[in-house]
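Here we start with a single chain on its own, the form predicted alone, put down as structure tokens.
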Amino acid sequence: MKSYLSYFKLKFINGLQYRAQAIAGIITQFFFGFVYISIYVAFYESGSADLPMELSELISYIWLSQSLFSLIYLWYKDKEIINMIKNGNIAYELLRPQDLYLMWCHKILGDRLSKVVLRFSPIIIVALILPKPYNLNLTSNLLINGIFIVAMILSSILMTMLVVLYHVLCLFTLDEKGIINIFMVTADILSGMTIPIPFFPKFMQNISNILPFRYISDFPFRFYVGNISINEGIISILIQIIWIIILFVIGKLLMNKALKKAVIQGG
């Protein structure tokens, strides 16, 4: 286990070095945050009735998603892993005495956490001091904060399982494009990153409730802003754990199958 933590630490420290990239990312998150909020403010002020979220809840939801964007978005490719698959250098990884699947999990999680560490605090601080209705509202409820932290830890693990699964599928296709990109776009929409799930038609909400994607961002953020009850939050945490186990088993089985039939490219 110590060797896997070393891979995590290496990727985490390496990711912290890209300060200019982090600054560009912060500016980007602020831009999209203000754009989304401005659109929703105009929408709410138009007098639309029976909206599924309060405006203050929705704005806090947007700022949380922007501050944690680097950790939760699913449209992610580890170029190092993709290049190893394409050029055949994955053969060197197979010679190591570690499990390749767990190695990828720790590398991807370390890289994603390093990015969110650099961007989270500046976005949250500015969002807190903005005038209403553009500001972020924090809760002082210890139980909600505790459940939210647990939900985000499980969310980061669930995100890692999905992203690693995408890279495992590349072992079969030998390319990251095509059907896998369609899968990732679908996941991005159903996770609530584009539009919060309550704004979806009822049939799409039912579909998203079954799939794992909404438990990465939609559930934790809506729970924190008060749009989801504590009882529903606890049930959703159990669903997160179930999906983590399911995706881990699927990923491991596919990885083992792919490595048995692996063809080393290049060389």
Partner chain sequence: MSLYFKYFKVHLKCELEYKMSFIMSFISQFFVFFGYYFTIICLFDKFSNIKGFSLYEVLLTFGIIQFGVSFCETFFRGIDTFDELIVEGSFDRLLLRPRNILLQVFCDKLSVIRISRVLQAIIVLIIALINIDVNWNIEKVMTLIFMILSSIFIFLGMFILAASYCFYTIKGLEIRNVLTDGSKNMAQYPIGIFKKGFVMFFTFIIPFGFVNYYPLLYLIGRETNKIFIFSPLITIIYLIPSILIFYLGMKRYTSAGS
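Numbering follows the first chain given and starts at 1. Since the model is a prediction, treat every value here as computed from it, not as a measurement.
What comes next is about the form predicted together with its partner chain, which does not appear here.
Colleague: Which residue among Ser229, Thr28, Ser56, Asn209 has a heavy atom within 4.5 angstroms of its partner chain in the predicted complex?
Modeller: Going through each option in turn, the one that passes is Thr28.
Colleague: Is there a heavy atom of Gln17 no more than 4.5 Å from a heavy atom of its partner chain in the predicted complex?
Modeller: Flag for Gln17 set to no.
Colleague: Can you tell me whether Phe69 touches its partner chain? I mean in the predicted complex, with a 4.5 angstroms heavy atom cut-off.
Modeller: Outside the cut-off, so no.
Colleague: Contact between Phe172 and its partner chain in the predicted complex at 4.5 Å, heavy atoms?
Modeller: Outside the cut-off, so no.
Colleague: Just to confirm, Gly233 within 4.5 Å of its partner chain in the predicted complex by heavy atoms?
Modeller: The answer is no: Gly233 has no heavy atom within 4.5 Å of its partner chain.
Colleague: Looking at 211-219, 39-47, 236-244, 60-68, which lies within 4.5 angstroms of its partner chain in the predicted complex, counting heavy atoms?
Modeller: Careful reading of the contacts points to 39-47.
Colleague: Does any residue in 197-236 get within 4.5 Å of its partner chain in the predicted complex, counting heavy atoms only, and if so which ones?
Modeller: Stretch hits, in order: Pro198, Phe199, Phe200, Pro201, Met204.
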